[in-house]
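Let's start with one chain on its own, the form predicted on its own, as structure tokens.
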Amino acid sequence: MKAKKVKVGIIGLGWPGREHLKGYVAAKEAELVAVCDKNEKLLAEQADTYKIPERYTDHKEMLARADIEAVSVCLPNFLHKPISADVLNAGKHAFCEKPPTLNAREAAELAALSRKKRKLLLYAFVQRFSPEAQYVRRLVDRGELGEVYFGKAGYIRTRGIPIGAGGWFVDKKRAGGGALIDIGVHPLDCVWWLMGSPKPVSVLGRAYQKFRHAVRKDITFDVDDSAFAMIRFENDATLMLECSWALFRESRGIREIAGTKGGVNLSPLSVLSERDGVMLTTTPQLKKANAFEGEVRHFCRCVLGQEKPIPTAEQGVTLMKMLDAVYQSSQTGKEVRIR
């Protein structure tokens, strides 16, 4: 008997959507039956390349298909909440790209709808599915790092301000924010998850816009091009966050955690520990794996009831609370409590 496959659709075929597409094509748990995008040329190109039988320019027409069980939402930030809501209301499981929504209020509303409809809502926190992150999480779960009480997360671009179609990336109404919500969200989520996803209690942060001159004057640019924060957690752990689209620092990713028995740097992977009073640094050699394929396979296996969600709707709410708090702290100049 053939193993059951989840029949999947994708809304949005920009770069993230195409990565989801390739992941579903490679995943033995998935059958990609339909794709949707308003760009007819791109839609035809991708559907023809991967021999996808059904293609749509209207997502509601695609969602009307009874055979589709789960849908990836890979659209600009301002569409995450309404389109994910359409997916859930259509009785489908939803897998939404990052950031979850424009703010925590929207994320909470989506989580409530997911519970009401009894359908899964997962977020595409792809860094959790890298071989390095999976390996480090196993170390944490086994207690090999001891009490993990410090994390450092960051994504620094020396220059790299995205504009997007119609300038949506740098328009607060459509993006929700700038560098913080766009690229800071990834390392923040990954390091927070590696620390065990403790409950955040307060945030002190500052967001800056110092490179308006790097964007055309006819484009609305009312978001941050860099942001920095200190986040405290209920278990007394601390996380330092830094991110930028434009900054006079070397471009790099930052994902580090430290505990009472050891510490880890994921970029590149190295583990620091102590044995017989001697400090040891090891560099584990892991098999290469595609994180996008890993996350869509996990989504499908969750739909099939074979795994429990790693990135949950509730974690999406908490993550947005932390991002909201950074912006609020920047505006008020004060530490913000999270409830």
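Note that the structure is a prediction, hence the values are computed from the model and not measured. Note that residue numbering follows the sequence shown and begins at 1.
Beyond the structure shown, there is the form predicted together with a small molecule, which is absent from this document and is the topic of what follows.
Hey, with the small molecule in the model of the complex, do L188, F228 and Y327 all fall inside the 4.5 Å heavy atom range?
None of them does, since no heavy atom lies within 4.5 Å of the partner.
Does any heavy atom of K38 come within 4.5 Å of a heavy atom of the small molecule in the model of the complex?
Although the small molecule is absent here, K38 would touch it in the model of the complex, with heavy atoms inside 4.5 Å.
Using heavy atoms and a 4.5 Å limit, would one call F169 a contact residue for the small molecule in the model of the complex?
F169 belongs to the contact set for the small molecule.
Verify the contact flag for I11: yes if a non-hydrogen atom of it lies within 4.5 Å of a non-hydrogen atom of the small molecule in the model of the complex, no if not.
Yes, I11 is a contact residue.
Please determine whether L42 contacts the small molecule in the model of the complex, using a 4.5 Å cut-off between heavy atoms.
Judged by the heavy-atom cut-off of 4.5 Å, L42 is in contact with the small molecule in the model of the complex.
Scan G146, P76, P82, G196 and let me know which has any heavy atom within 4.5 Å of the small molecule in the model of the complex.
By the 4.5 Å criterion, the partner-contacting residue is P76.
Looking at E256, E132, E242, D182, which has any heavy atom no more than 4.5 Å from the small molecule in the model of the complex?
Among E256, E132, E242, D182, a heavy atom within 4.5 Å of the small molecule in the model of the complex occurs only for D182.
Within 4.5 Å, heavy atoms only, one stretch in 102 to 110, 257 to 265, 211 to 219, 67 to 75 touches the small molecule in the model of the complex. Which?
That would be stretch 67 to 75.
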